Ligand SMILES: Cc1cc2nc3c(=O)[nH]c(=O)nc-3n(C[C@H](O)[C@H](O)[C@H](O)COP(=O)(O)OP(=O)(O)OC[C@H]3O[C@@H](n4cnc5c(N)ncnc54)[C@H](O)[C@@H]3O)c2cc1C
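Only one chain is given next, in structure tokens, and it is the form predicted alone.
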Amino acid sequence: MALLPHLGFCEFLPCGLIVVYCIARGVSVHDIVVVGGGAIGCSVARSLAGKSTLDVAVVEKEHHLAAHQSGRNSGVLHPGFNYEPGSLKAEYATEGTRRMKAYAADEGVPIEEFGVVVVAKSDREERRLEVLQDQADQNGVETELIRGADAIAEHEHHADGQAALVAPEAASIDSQQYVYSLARDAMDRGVDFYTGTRVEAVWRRGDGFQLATSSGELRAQYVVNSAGLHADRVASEFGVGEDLQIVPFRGEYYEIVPEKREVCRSMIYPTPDPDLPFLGVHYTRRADDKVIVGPNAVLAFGREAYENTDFDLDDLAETLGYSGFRRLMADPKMLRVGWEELNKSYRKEMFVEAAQRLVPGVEARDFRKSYSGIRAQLVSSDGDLIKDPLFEHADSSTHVLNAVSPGLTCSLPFGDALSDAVLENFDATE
């Protein structure tokens, strides 16, 4: 391997996961450096190491992997009924669900195939379910459209609606253990991991790059940017994606108290609005048998502002000053939805009211505050939401600008497609 001497040690956590800490001494040299230790970063590193003899390393600014989007999510595998046929999302979600189930079974990652019940509360929503079922058929996803309260009760005893789309292939996976499993696979294939290592600057050096990090200096012939919430900022160092910006949206979850978990046997979703990127408050039974409710979707006042009292003034000023965000919020529907979501964040009764739309029998005392996550929503300067996975090449680098939901579900096929593109561009730049 091309790695020069460095200091490294491992911490074995009670759950059997491995955290790798590497502190560079001198200069560490690699063929490819992947920036970001989430699901996509670990997947592409694993894939690159499996397809080539190149020396690959992953750099992660946190001391733990999956500390942000990849670990702060519902853990749902979305089988692909909600995505436009022929789109990358549809392709990656259907393939990703199938492959992740097989991967979890092989590697012992906790997973439960609960299925999902998508509930319609009106004639308009019922017609939308018919459209979703048609999409599901085209995408090769198994669904059943049922009508009437009695039929819904056979699947979810406490859900309320006039019709529902049942998708039995939906599953719940432990997302953090999944990412660590990918990382172990990558390490077994020779990939080095530098955690607690923040990339602070990048500049061109000969036929590659020099990366100044909080742990020392790295050199690479090629850089793959999979930095999630900060991917646009990393890309800007390479002159890529300058007409795009990540706008952070916080999603907050409540947990149903243990004695009331029977209100949800699987997953209960509202009928999605095709004009909005966010699904709305829903119920998910996780692989650990907890039932979580959420998320809402409120503008975060910082890219890592996980509490509604957290502020990063520089991040907030960047968002509010971005022309694409202002154009996005000029849409009256987005403005109305934004206000409603903000209310759900600061007023528990509003959140509970949204949850009661699906399960009327729950009460405020059945909910206790849980975790939150932040979605890196890529927005164009025209105010358009970028919906499909997106990466762009530059000279000797590739940048994952958008790995938006269902990024976890898509991580295996997206990682493979990305590694193919990286290897092709790597050869072209030699």
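So that there is no doubt, residue numbering starts at 1 and follows the sequence shown. On a predicted model such as this, the values are computed, not experimentally measured, just so you know.
Another form, the form predicted in complex with the named molecule, is not on view; read the next lines as being about it.
J.: Heavy atoms within 4.5 Å of the named molecule in the model of the complex: which of the stretches 103-111, 352-360, 227-235, 307-315 has them?
T.: So the stretch in question is 227-235.
J.: Can you pick out, from G161, G96, G80, P295, the residue that has a heavy atom within 4.5 Å of the named molecule in the model of the complex?
T.: Among G161, G96, G80, P295, a heavy atom within 4.5 Å of the named molecule in the model of the complex occurs only for P295.
J.: Since only the chain is shown here, I'm wondering whether G373 would be in contact with the named molecule in the model of the complex (any heavy atom pair within 4.5 Å).
T.: Contact with the named molecule, yes.
J.: Does at least one non-hydrogen atom of L408 fall within 4.5 angstroms of the named molecule in the model of the complex?
T.: Residue-level check for L408: yes, a contact with the named molecule.
J.: Answer with yes or no whether V141 is in contact with the named molecule in the model of the complex, where contact means some heavy atom within 4.5 Å.
T.: Contact with the named molecule, no.
J.: Does any heavy atom of G75 come within 4.5 Å of a heavy atom of the named molecule in the model of the complex?
T.: Yes - in the model of the complex, heavy atoms of G75 and the named molecule come within 4.5 Å of each other.
J.: What residues of 304-331, in sequence order, lie within 4.5 Å of the named molecule in the model of the complex by heavy atom?
T.: Going through 304-331 in order - heavy atoms within 4.5 Å of the named molecule in the model of the complex - there are no hits.
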